[in-house]
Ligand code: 7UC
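As a starting point, one isolated chain is supplied in structure tokens, in the form predicted on its own.
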């Protein structure tokens, strides 16, 4: 493999010569260390069928099975499907996912360590994924916001992004939200986390999932979060990758927020995500339960 580091101050190393079909656990361990260092890895010219994709991911850790079954691949529940294209004449997955700033599974007690995304059908137009380096975001955070968030925890939930399904017809929004919260009640995490491998500190807040700062009066909490969200949208912090055929992306959710974007409306689109638990606590002090290798 040939690894091309990103320019200074940027994220994302390019990895050439990687063959996922012959990936070993030893190679996966090496690549995990690279993603902790560079936060994002970009593999090009990749060809993978579904079984080979899943087999490769298992070398990196324990694949996640998403908590809502309608996102699952029909034969491989570990594959999260974002698609507006039928499969064998049937609707599979959910269209237009992740078009807001977030870190995967932030709203669960054990967030998702790392994420692979492999597009199968790329829509016409400019299809991108945007990223924010949350380590750099913390370093550049204004002092009054850092003071407000030091030793604070935040509440995260995803109920506002529930995708209404055909079986939800004639049900009240309040009923749907209450049912969602039974399975996904939200989670509290430190506003500033420490990476278990690099020791780096990162801001752990996202515009999509972070609802409040615990213990703060509501208006103060919302004011602080609005200011943080404005900071995270600074042009010098946002970086994007334009998807090309054969691209495979791998990133560390501890250090990045991301958001899907671009693509011409209505164009066919399908991508496969596999989230992988790496067997480590998400952050120093985070409880580790059933995500061990």
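Numbering follows the first chain given and starts at 1. Predicted model, so just to flag it, every value in this text is computed and none were measured.
Same protein, other form: the form predicted in complex with the ligand, not shown, and the subject of what follows.
J.: Is it true that 101, 189 and 212, all three, sit within 4.5 Å of the ligand in the predicted complex, judged by heavy atoms?
T.: Judged in the predicted complex, none of 101, 189 and 212 sits within 4.5 Å of the ligand.
J.: Exactly one residue in 243, 229, 66, 36 has a non-hydrogen atom within 4.5 Å of the ligand in the predicted complex; which is it?
T.: Residue within 4.5 Å of the partner: 66.
J.: Among 144, 139, 91, 163, which has at least one heavy atom within 4.5 Å of the ligand in the predicted complex?
T.: The residue from 144, 139, 91, 163 that makes the contact is 163.
J.: Going by heavy atoms within 4.5 Å, which of 24-32, 234-242, 39-47, 66-74 lines up against the ligand in the predicted complex?
T.: Of the stretches listed, the one contacting the partner is 66-74.
J.: Is residue 153 near the ligand? Define near as a heavy atom within 4.5 Å, in the predicted complex.
T.: Because no heavy atom of residue 153 falls inside 4.5 Å of the ligand in the predicted complex, the answer is no.
J.: May I ask you to check whether residue 97 falls inside a 4.5 Å heavy atom distance of the ligand in the predicted complex?
T.: Flag for residue 97 set to yes.
J.: Could you tell me if residue 105 has a non-hydrogen atom within 4.5 Å of the ligand in the predicted complex?
T.: Contact with the ligand, yes.
J.: Can residue 80 be called a contact residue for the ligand in the predicted complex at 4.5 Å between heavy atoms?
T.: Taking the distances in the predicted complex, the answer for residue 80 is yes, it comes within 4.5 Å of the ligand.
J.: Taking heavy atoms and a 4.5 Å limit, what residues of 38-54 are near the ligand in the predicted complex?
T.: None of them.
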